[in-house]
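Starting off, we have a lone chain in the form predicted alone, written out as structure tokens.
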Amino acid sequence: MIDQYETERCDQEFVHTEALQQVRNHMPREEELLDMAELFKVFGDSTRIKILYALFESELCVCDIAALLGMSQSAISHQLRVIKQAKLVKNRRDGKTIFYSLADVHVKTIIGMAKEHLEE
């Protein structure tokens, strides 16, 4: 029995053209999809996740984060550069010290949703 969505045949299977058109109408542009993929790559490193978690609580300088995570300042600076390029953190200068904080509430939401998903 053919349902209302099965209208065209393609390689022995039915294509659901109405459903496909609905998906096409809501699919982001290729450039946006690539940007999203790049953003998710940033979350693919546990050190970067730890840094973001630390910044949930307080703005911190490189020295603070390095001490907290038991890593070199150089390693932390490298990771912060990656995170900052992804617009997940911002910084402010106070004299010679640069303090880092989350760029906006979306960062906390993304990580919170990932954690919630894993706990299901």
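None of these values were measured; they are calculated from a predicted model. Residue indices: 1-based, along the sequence shown.
The discussion below concerns the form predicted in complex with another copy of the chain, not included here.
*Asks:* Does another copy of the chain get within 4.5 angstroms of any non-hydrogen atom of Leu80 in the predicted bound form?
*Replies:* Because no heavy atom of Leu80 falls inside 4.5 Å of another copy of the chain in the predicted bound form, the answer is no.
*Asks:* With heavy atoms only and a cut-off of 4.5 Å, decide whether Leu102 touches another copy of the chain in the predicted bound form.
*Replies:* Output for Leu102 is no: heavy atoms all beyond 4.5 Å of another copy of the chain.
*Asks:* Can you check whether Arg93 is within 4.5 Å of another copy of the chain in the predicted bound form, heavy atom basis?
*Replies:* Outside the cut-off, so no.
*Asks:* Going through 52-69, which residues have a heavy atom within 4.5 Å of another copy of the chain in the predicted bound form? Please give them in sequence order.
*Replies:* Sequence-ordered list: Tyr53, Ala54, Glu57, Ser58, Leu60, Cys61, Cys63, Asp64, Ala67, Leu68.
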